[in-house]
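In structure tokens, the next block holds one chain alone, the form predicted on its own.
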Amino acid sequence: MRWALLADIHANLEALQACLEQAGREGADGYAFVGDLIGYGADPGAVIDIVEEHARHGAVVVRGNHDAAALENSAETMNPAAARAVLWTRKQLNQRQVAFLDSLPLTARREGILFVHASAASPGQWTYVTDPARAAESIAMSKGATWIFSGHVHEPALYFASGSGRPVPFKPMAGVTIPVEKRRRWLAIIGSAGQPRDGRTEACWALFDDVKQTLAFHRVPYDWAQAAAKVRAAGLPERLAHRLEHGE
């Protein structure tokens, strides 16, 4: 199967549509949404509806911290802009959309693969995997998975490990196919579809081929100006629009 992997969509409808369109052109025949469908952006309901439709056709979907915060209608541990967005978001969702979020697990498995929004070491604690030490913890607690796909960090990254050594970080280049063979273990941070933070405005997604054992990270342009305009029109914090315009 050729898996299209998306993380941290954050209610950015324009980014989601652009990623899915490119994934279709690249031959994706399976989909995984690795948490944070909502939060920050202005189209939470529309994004949930699209992802739910994919889930009905077999897509993997796991819960992220913004999804959980919207369910709890509480964002005490978040920064003020994120907290305002979470509370605004909950008011936009209908009963069916809330029920879909509530049905999402913290982790999901397919043969040899673990999907988790943050760290497999503590999925509900929302630990950021930003260095080899944290990557090692996540890999160690993945219960034998060869490939771990995560989000949460908003910047693409890849770690690989063999034997008992500490994982080695690798900075992927967009559009370059990477062999990810079973003889090693791999942890990929997909990057954010809806709010990239690496100085680029293009949406992030990745394509994993579990037969050929290859992984390619992709960037796709989208109408970030329209997405930012929607954020402002909704009365959400200005910082959230600014981040879309500058990729930060």
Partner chain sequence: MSGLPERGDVIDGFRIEERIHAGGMGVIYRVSGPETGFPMIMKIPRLGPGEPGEAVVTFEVERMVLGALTGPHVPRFVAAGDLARIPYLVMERVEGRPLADWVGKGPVPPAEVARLGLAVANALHSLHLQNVVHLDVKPSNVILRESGEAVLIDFGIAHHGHFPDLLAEEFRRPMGSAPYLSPEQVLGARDDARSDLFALGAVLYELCTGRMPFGSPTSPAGLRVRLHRDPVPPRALVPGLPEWLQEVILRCLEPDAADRYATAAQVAFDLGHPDQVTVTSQGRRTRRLGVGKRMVRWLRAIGYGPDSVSSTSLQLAAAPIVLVAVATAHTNEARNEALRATVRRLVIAGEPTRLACITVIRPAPELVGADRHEAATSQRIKQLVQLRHWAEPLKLPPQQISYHVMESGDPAGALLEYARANHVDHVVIGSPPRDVTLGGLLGTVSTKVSAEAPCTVTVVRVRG
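In this text the structure is predicted, and so the values were computed from the model without any measurement. Positions refer to the first chain, counted from 1.
Beyond what is shown, the protein has a form predicted together with its partner chain; the following relates to that form.
Against its partner chain in the predicted complex, the set 83, 91 and 100 makes no contact: no member has a heavy atom within 4.5 Å. Its partner chain is not drawn, but in the predicted complex it has no heavy atom within 4.5 Å of residue 126. Residue 158 belongs to the set of residues with a heavy atom inside 4.5 Å of its partner chain in the predicted complex.
Within 4.5 Å of any heavy atom of its partner chain in the predicted complex lies no heavy atom of residue 197.
A residue is said to contact a partner when one of its heavy atoms sits within 4.5 Å of a partner heavy atom; residue 186 meets this definition for its partner chain in the predicted complex. With the partner omitted from this view, the residue of 29, 53, 26, 181 that lies near its partner chain in the predicted complex is 181 [heavy atom within 4.5 Å]. Only one of 165-173, 72-80, 105-113, 140-148 lies within 4.5 Å of its partner chain in the predicted complex by heavy atoms, and it is 165-173.
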